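Next up is one chain by itself, shown in structure tokens, the form predicted alone.
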Amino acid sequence: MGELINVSALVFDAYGTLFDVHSVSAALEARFPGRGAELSERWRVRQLQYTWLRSLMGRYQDFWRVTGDALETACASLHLRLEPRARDELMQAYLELAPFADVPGALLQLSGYRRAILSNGTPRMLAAVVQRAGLDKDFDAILSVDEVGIFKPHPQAYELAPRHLKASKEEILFVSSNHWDIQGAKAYGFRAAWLNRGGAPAEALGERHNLEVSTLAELAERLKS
């Protein structure tokens, strides 16, 4: 654990790390029987693709808009008709994403650190899921890339964390389940812990994470040692 000496702050990604993006599958299945899981996967893939493409094009739209556009395209790709009322209901489900089961307990174990969220989500989206999960008091800051108008993994997005926490990048451990996000954080200069919940392979983008864990509880235990 020598690589993690002098860490004073933990910065967490939100979607897929603290909150389960596929907890919308039940709502999708209710609307489109037999297609919920596949539609959830396609929705998430399009959502991420649109953040990267918009950043490259210099055509920023906030994550709420991107999420809605991704839902429409995902439905179209499966030849599913998305009525306006159904669209509104499914977007609402994104404001009600469930936290992973290990999140509340692990955040309590990590209370000795300053803790923040750094996410592509809008302030409204992040406030909704954090409050619904009862995690309001677990974070010193909830940071949205809306402030800089470009999505992760752009360096300007990661710069929000040291600026708001008034910490050097070397003091921050960035935690994400998305390895592309880990790669971006490492390229920026953070140390990074990959929360590899599903045993996925690492991305081959030239950066090495400092720590790999399968649960947040494991992260808390590793940081104690």
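All of these numbers come straight from a predicted model, not from anything done at the bench. All residue numbers refer to positions in the sequence shown, first residue = 1.
The discussion below concerns the form predicted together with a further copy of the same chain, not included here.
Interface residue remark: Leu205 is counted as part of the site for a further copy of the same chain in the predicted complex, having a heavy atom within 4.5 Å.
Mapping the unseen interface onto this chain, Arg46 counts among the residues with a heavy atom inside 4.5 Å of a further copy of the same chain in the predicted complex.
Contact check for Phe32: no non-hydrogen atom falls within 4.5 Å of a further copy of the same chain in the predicted complex. Among residues of the shown chain, Glu38 is not one whose heavy atoms approach a further copy of the same chain to within 4.5 Å in the predicted complex. For the three marked residues, Leu53, Arg59 and Gln183, a heavy atom of each sits within 4.5 Å of a further copy of the same chain in the predicted complex. Note that among 81-89, 107-115, 67-75, 138-146, the stretch whose heavy atoms approach a further copy of the same chain to within 4.5 Å in the predicted complex is 67-75.
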